[in-house]
Ligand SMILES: C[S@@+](CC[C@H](N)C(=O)[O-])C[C@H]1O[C@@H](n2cnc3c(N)ncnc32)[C@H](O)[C@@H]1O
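Single chain ahead, by itself, as C-alpha cells, in the form predicted on its own.
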Amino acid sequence: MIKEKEHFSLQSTRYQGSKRKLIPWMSTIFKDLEFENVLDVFGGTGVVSYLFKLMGKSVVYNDYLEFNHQIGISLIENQNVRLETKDINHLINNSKLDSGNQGFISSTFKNIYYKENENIWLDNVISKIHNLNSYDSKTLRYKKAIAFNALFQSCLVKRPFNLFHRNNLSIRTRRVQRTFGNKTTWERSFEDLFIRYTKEINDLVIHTKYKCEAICKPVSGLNSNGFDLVYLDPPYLNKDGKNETANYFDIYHFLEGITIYPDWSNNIDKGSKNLKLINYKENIFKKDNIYNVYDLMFDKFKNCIIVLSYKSDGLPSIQFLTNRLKQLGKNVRIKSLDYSYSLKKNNKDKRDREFIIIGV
C-alpha cells in the first residue's frame, strides 16, 4: 500500500508532457477517491497507470500510438517477465545483421537524426527485436515490449529537444559552444543506453493481484463498461488555439516507425522534409473540433469518476469544462500546483499551473 510522501520508483523518460515529477502530488489526490477499476485513456509514458498499479488497482492503459502501447505492455500489463542477460546480449550483438534486414534506417535517414554508425546499430537491433522467436507468444509479447521501451528511451535522450520534429543532427555534431542540451548523453553509445534502460525497466516490473492490460484504441473505440474511474490527460490546445503538445504522431513518428519496421518503407511520407510517416492516426484535438471532443469524452464516461489533467491556459477554459461536468450531475473539485516545463517555448516564464479537475 502506498504511503503519503513515499518515494516513487518510476521509469525515467524525456517524453514531452510526462507527469513523472507530478506523481507524488497526484497520489495524494487519487488516494481520497474510491475506485478499483481504472481506464487511463491517454496513457503516454505510463507513469500514471503505473501509479494506479502500485495502488493495487485493476488498470487498463490505452494509447492511440503503437510505440506508447509497447510501453504500456512492458510495465502495466506485464506482471513478471524480464529481459534476461542472454536476450540483451543477443539483441546488441552487431556481428551479423538478421537475414532480410536491408538497413532501412541507415539508407533512409542518413544525416537526419543519428550518425551513420548509430543508424546501422538501430537497424540491427530493431530487426532482432522484431524477429525474437525463442519463447512462447505471451512471453515474447512482454520481452519485445521491454526491448522496444528501452530502445525508445535511448532514442529520445540522444535527440536534441528529445523530439523528431526537424532534421537537426547538426546541433549534436557542430563544434560550437552550447548553452543547452546534454552533449555527454548525446554521445553515449546506443548500446550503453539500451542496457541502462533495460535494467531500469526490468527493476520496475511488478506483480499485482489484479489484472492489468494495455490496449491501443482511439477515444471513439473505448467505452466506460467496468470502470469506476477514467483518467484523461489529452493533448493540450492553449488559449490561442495552438496545439501546445503538437501532434504526437508527427513529433514521435520515428519511434512509431520502429514498431512497424518491416513495413516502414511503405508508410513514409516522401513529401515531408524529415520523412515522417503517412499520418494514418487522426488528430482530433484541433481548434475547430475541440469543444466537441470534450463533450464526446465527458458523455462517454459520464457514469465514471472523471479525473482530467489540465493547464491554466488550456482551450476549452477550465470554467467551460467544470460547467460541462456539472451539467452531467458531477460534484466538481479542482486541485492545482505550480509546475515548470523544461521544453516550454517561452524560456523566460517556464512556470505554469497544473490542474486536476475531478468530477465525482
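In case it trips you up, residue 1 is the first one in the sequence shown, and so on. Note that the structure is predicted; figures quoted are calculated from it, not measured.
Same protein, other form: the form predicted in complex with the named molecule, not shown, and the subject of what follows.
Site residues W121, F148 and G257 are none of them in contact with the named molecule in the predicted complex, judged by any heavy atom within 4.5 Å. Note on the partner interface in the predicted complex: the residue among K273, K217, K138, K183 having a heavy atom within 4.5 angstroms of the named molecule is K217.
Checking Y197, Y114, F164, F285 for any heavy atom within 4.5 Å of the named molecule in the predicted complex turns up a single hit: F285. Contact with the named molecule, judged by heavy atoms within 4.5 Å in the predicted complex, is confined among 300-308, 27-35, 62-70, 321-329 to 62-70. Contact between G314 and the named molecule in the predicted complex is not found at the 4.5 Å heavy atom cutoff. Not displayed here, the named molecule is approached by D233 to within 4.5 Å at the level of heavy atoms in the predicted complex.
For the chain shown alone, V47 is a contact residue for the named molecule in the predicted complex, at least one non-hydrogen atom being within 4.5 angstroms.
Using a 4.5 Å cutoff between non-hydrogen atoms, Y248 counts as a contact of the named molecule in the predicted complex.
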